[in-house]
Each structure stands twice: as structure tokens, then as C-alpha cells.
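The form predicted alone is given below as one chain in C-alpha cells.
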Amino acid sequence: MKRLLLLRTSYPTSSRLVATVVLAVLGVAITFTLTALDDSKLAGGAAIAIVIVGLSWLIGWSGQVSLGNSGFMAIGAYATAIWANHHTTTPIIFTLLLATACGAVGGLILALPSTRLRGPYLAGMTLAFSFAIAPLALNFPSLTGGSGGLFLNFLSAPTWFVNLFSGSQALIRANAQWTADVAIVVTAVAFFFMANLFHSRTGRAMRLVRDNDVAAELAGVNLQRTRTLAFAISAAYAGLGGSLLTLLTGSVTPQTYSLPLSILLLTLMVLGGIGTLSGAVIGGLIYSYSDNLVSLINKTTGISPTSTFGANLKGIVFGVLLILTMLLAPRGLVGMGSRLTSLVRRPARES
């Protein structure tokens, strides 16, 4: 045990890399036990988890508020679709990197005027950006496809992977699991870089700016540059998540990346735990299987999914969960888990 602790403190990056690889392998192994539908849901949740961790970096570590991350997702999504429609043989890694770069540029452009604002003024600025994305997409139909959006080829499993399956549903199962595995690997890489960023000099500067900007400025931290960097990184992660989600669904429309999605991302981040990697994972899983929870409630209560109440039940459930989380666990489910763990360990230490 002492050797493991010494390794962790002496080589933190290496220990994070090992932990990332182990968790990614475990995640890929789990996909072999799931149905095709569950694999598809898991892949979508992984893409959303990337966006949540970027938003958590911006809000939880730099103390800035953003309601526009759905707009940065749209930038990554449209960059992916436009590029894929003109370059069909481009490797997926290049497409993802391109969307990430486009998201970062969009975040940088918005950050230049926005980071001088604080509180509700900053939220209003990002809110306006989120509202502007859909009209912009609609006004350039030759590029974005207008209200109908753009379509591209789905991620499809290679032949050697399809050969691992048998039966009439082999191709469907193989494609669903392949997309889930790709999403898990991409998410693992994104989380590895974010974990190192959390513990880097930049991360410490972010926290100092968040807690006391006067002290940060006295310590030599450039407030404008630090806040701008936080926005750019968060937008880059949103662009990556939007790109991955587009590759999974095979389409992008202006209606997908609207203000409700930004609010949903904030809700998921709060439910999981602001400023934590595990909280982003929990938020992604909640997004993946929220439909299962709503279906269970419908069956238990007898509410018709086609009724007005049933059609809005998902939003109601998220609202209730958010209220309960803010009242009972302000630090999210991660904070609640840490608190329960400390309560369990306390009697053991006292004895």
C-alpha cells in the first residue's frame, strides 16, 4: 500500500494514465454484456460527459457561468458534418480534432468580450450566444442544410469486429458496440487530459482566480488571459462532445443544440457534482438512462406517455432531482457519496 501511495505522489501523471487505461478497458468490457440499445445509450452519455466535464472546468474551477455550451456543441457538430460530407475518407481522429479546434476558436471569440463581465451579465452574454446559433444555421442553408440540417455516415464497425458476432442481428450489435467502444476511448482520453489540467499550474491559477481574483492578480496571475483560457478549453470540450454525438447519430440540426440543451447540461453537472471528473461521468450516465427512468415512472403510475403531463415528464423529473440535490446534496451525488463514506469511516476510526 505504501509503495502504491509513493508511486501515486511521485509520478502523478503516470498513475492517472494507468487509472484511465484500467477504467477504459473496464468500460469496453462492460459493452460486451449490454444490448445494442444500451450500448447506443452509453455512447451518447459518453459524448455528453465530455461536454459536462468541460463545463465543470469553466464553472467549478474558474468560477465563470455559461449558458452557451450547447452553441459550442453546435459548432463542433456542424464542423464535423460539413467536413465529413466533403471528405469521406478522413480518419475519425482528425475529424474530432478539427471539431475540438473549431469549438476552442468559438470559445476564444466569445471569451474576449465576455470575460470582462461577471455574474448575470456573463450569463446573459452566453445566453444570447446560445440563442443566436439556431438562427445563424437557418440563414446559411447552403452550408448548414437549413432547418433540415445535415446528414453523414454513421460510425460503422470494421469487418474484423463484425466477425466477432453471429446471428441475424450481428451487424446491428457490432455497430452499436463499436460506437460505444469508440465513445468510451475518446471520453477516456479527454478525461485524462482534464485530470492533468485540474492538477496543473493552470488549474491552480483557475482556482485562485475563482476564490479571490485580487489575490490572484497580486500573485502575478493574468486574470483576462486565465478566464479566456478557461472559456476556450470548455468550448473545445463542448465541440468535441458535439462532434462525437454527431458521428453517433449521423445528423445535426439547429433544433438539437438549443437553449434547453444548455440548461440540461447545467442540471446534469449539478446532479453529478460540480468540478469533479466522477460527477461528469454520473451526469453522462443520467443522460443515457433517463428515458428508462421516465418509462419506469410511466408504467408504475399509469401515466400515458402521449398525454401532456407524460410528454413533459422528463423535464419534470430533472427539475425535481435538481431541487432535491440542491437541498440535500449541494455538492451533487459525488459529494453525497464522499459524505456517506466519511460517516462510515468515522465510527471505525473512533473504535
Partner chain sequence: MGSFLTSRFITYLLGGISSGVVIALVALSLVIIWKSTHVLNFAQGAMGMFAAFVGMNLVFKGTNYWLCVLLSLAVGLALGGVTERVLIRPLYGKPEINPIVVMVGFLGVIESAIPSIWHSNLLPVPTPFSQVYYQNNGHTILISPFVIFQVVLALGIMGGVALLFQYTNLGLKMRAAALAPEVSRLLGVRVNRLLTLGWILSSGVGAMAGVIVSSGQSLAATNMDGIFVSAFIAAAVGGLESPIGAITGGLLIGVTESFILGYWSSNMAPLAGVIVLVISLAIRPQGIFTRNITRRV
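Predicted model only: the values in this text are computed from it and were never measured. Residue numbers count along the first chain shown, from 1.
From this point on, the text means the form predicted in complex with its partner chain, which you will not see here.
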Of 143, 97, 108, 138, the one that lies within 4.5 Å of its partner chain in the predicted bound form (heavy atoms): 138
Option touching its partner chain, based on a heavy atom within 4.5 Å in the predicted bound form, out of 37, 28, 303, 316: 316
Segment assignment from 127-135, 166-174, 240-248, 86-94: heavy atom within 4.5 Å of its partner chain in the predicted bound form: 127-135
Contact of residue 320 with its partner chain in the predicted bound form (heavy atom, 4.5 Å): yes
Residue 298: touches its partner chain in the predicted bound form, heavy atom cutoff 4.5 angstroms: no
Interface membership of residue 259, its partner chain in the predicted bound form, 4.5 Å heavy atom rule: yes
Contact of residue 326 with its partner chain in the predicted bound form (heavy atom, 4.5 Å): yes
Contacts with its partner chain in the predicted bound form, stretch 246-270 (heavy atom within 4.5 Å): 259, 263, 266, 270
